Every structure is written in C-alpha cells, then in structure tokens.
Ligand SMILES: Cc1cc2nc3c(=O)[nH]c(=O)nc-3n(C[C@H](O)[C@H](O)[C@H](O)COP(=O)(O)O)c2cc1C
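The chain below stands alone, shown as structure tokens; this is the form predicted alone.
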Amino acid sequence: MKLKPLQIGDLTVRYPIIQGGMGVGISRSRLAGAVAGAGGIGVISSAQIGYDEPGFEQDPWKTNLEALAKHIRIAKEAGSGGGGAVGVNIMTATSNYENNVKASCEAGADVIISGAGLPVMLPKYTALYPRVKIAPIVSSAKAASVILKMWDKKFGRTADFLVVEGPKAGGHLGFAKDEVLAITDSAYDAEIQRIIAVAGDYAARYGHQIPVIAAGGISTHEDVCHALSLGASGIQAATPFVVTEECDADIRYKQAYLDASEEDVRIVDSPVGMPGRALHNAFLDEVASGRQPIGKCLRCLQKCDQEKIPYCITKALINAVKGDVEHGLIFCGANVGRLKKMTTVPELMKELAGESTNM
C-alpha cells in the first residue's frame, strides 16, 4: 500500500507517521528532528526534558522550560525541508503543564499531543497560537466523546486530530490494569472504528476533518496497512524508533530493547496513577519487594504524594536513559521482541511506509 500524506487542517505531512513522544529524554531534538526530516511528525517529550542540564536539581521547572524551547528549535532546524513537522508530547499529569504548553507554542512546535489524563484546558492554553495543532490521546470512544464535548462546550473548539493508544502501547496506558492483557485485537479494532465515528460527528459540526491516528503495537508496514484499513488516517509508533541511531537514549538502553523478548515485558504500576508496560529488570524486582527510598522531590507530577508513591519515576527514568538499565524504568511496547537490529530513522520510515529495499 502506498501511503498518502497526512493532512491536519492546513498542515501537510509527507508520511502519515507520527513518532510517539518518549520521556525522560528518549525522544528529544535528535530523534524528533530526524523524523521530521524524513517526512513524519517527530515528537519531543517534555517530561523532565532538562534532566542533564545545569541547574536541573536546583530549579527543574525553569530548566525544563528552557531545555524544551532549545530542543524544539534544534529539531525544527534539523527537520527543515523534509516534508515533516515537529510536535511535543505533554502529559496532563505533569506539573507546570500550562507553561509547558505555552513554551512549546512560543518555540515553534507544529503539534501538541497530550494524554495521561484528559487535557481539558489545552484549547485555552493554545488559544493565542491558532497555527499549532492540538490532539488529545484517548483509549476509548467514551474518552474521545467526553473530551471533544468538553472542548466544544467550554471553548467552541475541537481537536485537530486524535491519537488512539491501544493496550499494546508502551509507557502509561489508559486502561485499568486488568484490561491491558484482556482486550483482544479484534475488540480494539472495533473500538478504533467507534472513535472514528465520534470524530466524524464533531468534524461535521466544525466543517473540517478530524484525522484519527492509531497507536500501540505498530512496528511494521503490515501493521500500518491494517490501521489504515480500519479507517485511521495515520499511525503513531514509538518503540521501533528507540533502536535507531538517532534516538536520544544511551546505547545500553537501545541494546536492552534488542535483547528483549515478549516474555520480558511486564505491566507495572506507575506513580502517575496508570499502569505502564516496561521491561523486566532488577529495578522492577526491587519495587516488587518494597517501596524504594525517595530523595529530593523534583515536582514532576501534579498529584504526587512523596510519602505514598512506590518509587520516584523521574529518578527511575533518568537512570534508564543514561544507560543504567538494571536500576531504571524501561518503558516499551508489547511488540518490543520484534526488534532485532539497529537501524536509522530514514530506513525505519521507509520500512513503515513499505518503501524499503530491505523488505
């Protein structure tokens, strides 16, 4: 199947492929810029993006905002002329959410994608930047209906597109823990089509299309074709982009993906309040044996109770991205076991698009 460009209002992207945002530090300017340069939407994660900047420990909010603007500018420059775009993934659960959104708009982000809760106020925070496309992440038709109804009622605004993350996605999942493994592929295919119908209702009201982007477990051209056959306008993939040369993570993090099998994947409890999918390692064993000591709080989550959480997610994710793969949290998608070799962003984009000479 030859892929058509992704049209989001007046924004045209050469390939209907979005690289999912991965924090802390897994998808920053190097990866996002490469994806934009290869014709997709490269997405920076705002989550503790300034973890390796001077001043982070002393003032994480200020440092993160400065780092966010820096990485957006670098990615935009790197991706210029490639037919793609640069976006930012900002978790609703993140502290300093409003300022992260506004800083992303001011720095030139083309797209803001927001999940880990319902991004109720996103239209308000982007109101002064009408060129910036906004998209909530949803996992059900009910969630899509709720957020679109809220935006319509409160702001007279609808989504520019929707990202639908299924139960095979990595990181934080929008499902109850017992649902993650219970939902079948066919059941979720039907849910995607229900979400497409919800988007169609609001598209008719506002007189423009609301593309639906399917995400979760997508790593091959066949996966892409299947999502498009359901009526999706494009796909979002994250896990396959980790094993590219351009990914911002340490090489040991990437190697952990290449060494992983399906049996290594676990469903874990995250301090964000959602289940997550991650690779089994010594850190998960330590968490299972008892609450981990927490030092200085870096104020990353709005509703984090330092006295009750099982571990500090910022510390765990920073350990991982720096290469301490035994004592860090390594989020991953369900199909991480498919990944067997390092590649580059241009080659991966061609593979997903069905254009690779290696296929």
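In case it trips you up, residue 1 is the first one in the sequence shown, and so on. All of these numbers come straight from a predicted model, not from anything done at the bench.
Below, we refer to the form predicted in complex with this ligand, which is not included among the displayed structures.
- Using a 4.5 Å heavy atom cutoff, none of Ile8, Gly84 and Val212 lies near this ligand in the predicted complex.
- Taking the partner from the other structure, this ligand in the predicted complex has a heavy atom within 4.5 Å of a heavy atom of Ala169.
- Although the partner is absent here, Leu348 is not a contact residue: none of its heavy atoms lies within 4.5 angstroms of this ligand in the predicted complex.
- Although the partner is absent from this view, Gly216 contacts this ligand in the predicted complex, with a non-hydrogen atom inside 4.5 angstroms.
- Remark: Pro16 does not count among the residues lining this ligand in the predicted complex, judged by a heavy atom distance of 4.5 Å or less.
- Remark: of stretches 231-239, 98-106, 201-209, 67-75, the one touching this ligand in the predicted complex is 231-239 (heavy atom within 4.5 Å).
- For the candidate set Cys332, Val321, Ile49, Ala34, a heavy atom within 4.5 Å of this ligand in the predicted complex is found for exactly one residue, namely Cys332.
- Note on contacts: among Ala159, Ile137, Val224, Ala256, the single residue with a heavy atom within 4.5 Å of this ligand in the predicted complex is Ile137.
- Although this ligand is not shown here, in the predicted complex the stretch 38-70 places heavy atoms of just one residue, Ser45, within 4.5 Å of it.
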